[in-house]
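Below you'll find only one chain, the form predicted alone, shown as structure tokens.
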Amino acid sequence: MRVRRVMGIETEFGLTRPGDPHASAVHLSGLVVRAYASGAGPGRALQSGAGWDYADETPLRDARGYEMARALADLSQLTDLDDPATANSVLSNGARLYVDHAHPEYSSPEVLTPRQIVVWDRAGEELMLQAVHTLAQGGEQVRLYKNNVDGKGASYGTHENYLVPRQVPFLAIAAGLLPFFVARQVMCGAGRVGIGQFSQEPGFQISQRADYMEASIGLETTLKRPIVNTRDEPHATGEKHRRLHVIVGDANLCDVANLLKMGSTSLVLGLIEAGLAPELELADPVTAIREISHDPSLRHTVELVDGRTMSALDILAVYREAIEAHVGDAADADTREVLDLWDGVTGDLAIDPLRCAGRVDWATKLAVLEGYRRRDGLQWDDPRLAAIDIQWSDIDPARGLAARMRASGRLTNLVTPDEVAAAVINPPEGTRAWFRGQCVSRFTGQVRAASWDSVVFEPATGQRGLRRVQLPEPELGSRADIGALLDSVEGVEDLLAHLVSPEG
């Protein structure tokens, strides 16, 4: 077993216009997307009027074996509706940048390792910052926040995606993941001032999303949010693959926590695929995820159906032991990196969570907030602490506390600025994202639309029909697969002529 698998991450950014609390979030989100698409330079993005190819989207299909009737769905669930008024772009790095409900969302390209997730997720922060600067040059002030709550009752997502073999029963996946997701937050929660969805109780908690989880398993993502989401939308060959869509996680600004979030989940999925998931069943997962989040001391225990009680670190230790037994001495470098960080972080959390400052978001944020509390004698209900919480996640290093700490070396950087800068422009080479991104950069004006599993070209001269290239296998379309062909063709017509089989 190894950590490598096709994975990706989506981040909805919070946003404000200074001095205008009633500004339309949808309007501002559109400005951000259009600003990047227009200001990034030639070949960096499809213009925001380009379409998204919704042909293979199935947001109402449930992995438990049925599909919700559209008439019964909440409007927010109909993510396959093409709204021409909504800004949408596909980028040369293979990512999607668009308006998701009332937030600008950066959906990373598909990558193969947790370290690559960190690189292309950081690239998303960088290109969002470029959009903010482009708007500022035109006199429009917008601030973007990489967080998941606004402190007023609203929550927005950071969603993870993992490719899983279709043959693994979904209910086995759900059962294996539930205890892990309840406990995982201590390694990768983003931290939050306030308890409850409306921060109605003073205090500090580990996770931004825990209070918004209202079901153990379910299809919804914006209401009745589940710890395990059942959306069955593979964006790949459905007979072979599932795309596990995870909505329980937080947006991370610490590289170590981000890598651990994705890497540990991939390894637990490996256990489940091998039929070796620990036999743990929580008595009440929804209550447990909130209670663990509300206890930064990490001493709280939750009840299992067999009568045992375990802390989050106890639960993680059981998973870690099972992974060690399964991996043995065969761990490759990417897997070993995840395991070493897992051991280091949980070991320090067990001694004193503040020892993880710089590696784990919530511990770092708590250390900063405790400094303000000691200096100014602040109580947890002081609005200045809530303001610091928001300022923490401002992506602009001129204001954002985490961005400043990263720039000054007080956050552990796992990737270099040069790697991030390259990932703003270039797609990962090992997946179909490479073909998608290369089509954007090489044939910008001739790409009508794209999706995770397709690129749609404009009609040929004198013709009316669009030309759709399907990419159903996420690991095909890589640089190794198609780089030589792309370098050899003289244009779209030549490329498509080579891609069409002799049988047509």
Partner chain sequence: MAGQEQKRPQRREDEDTPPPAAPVTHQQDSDRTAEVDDLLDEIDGVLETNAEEFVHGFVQKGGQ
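Quick caveat: nothing in here was measured; it's all calculated off a predicted structure. Residue numbers count along the first chain shown, from 1.
Although not depicted, the form predicted in complex with the partner chain is the subject of the following passage.
Chemist: Please tell me whether the candidate spot formed by H101, R231 and P383 is one where all three residues come within 4.5 Å of the partner chain in the predicted bound form (heavy atoms).
Modeler: Yes, each of H101, R231 and P383 comes within 4.5 Å of the partner chain in the predicted bound form.
Chemist: For G203, is any heavy atom within 4.5 Å of the partner chain in the predicted bound form, or not?
Modeler: Residue-level check for G203: no, no contact with the partner chain.
Chemist: My question is simply whether R225 lines the interface with the partner chain in the predicted bound form - judged by any non-hydrogen atom within 4.5 Å.
Modeler: Flag for R225 set to yes.
Chemist: Under a 4.5 Å heavy atom criterion, is R143 part of the interface with the partner chain in the predicted bound form?
Modeler: Yes.
Chemist: So in the predicted bound form, does any heavy atom of N147 sit within 4.5 Å of the partner chain?
Modeler: Residue-level check for N147: yes, a contact with the partner chain.
Chemist: Only one of V119, A367, L282, L135 comes within 4.5 Å of the partner chain in the predicted bound form by heavy atoms, so just point that one out.
Modeler: So the residue touching the partner chain in the predicted bound form, by this definition, is A367.
Chemist: In the predicted bound form, which of the listed residues (H326, H300, R308, R399) lies with a heavy atom within 4.5 Å of the partner chain?
Modeler: If I apply the 4.5 Å criterion carefully, the residue I get is R399.
Chemist: Work out which of the listed stretches, 264-272, 402-410, 179-187, 163-171, brings a heavy atom within 4.5 angstroms of the partner chain in the predicted bound form.
Modeler: Of the stretches listed, the one contacting the partner is 402-410.
Chemist: If you look in the predicted bound form, which residues in 141-179 sit within 4.5 Å of the partner chain (heavy atoms)?
Modeler: Residues within 4.5 Å: R143, Y145, N147, V149, D150, K152, A154, S155, Y156, G157, H159.
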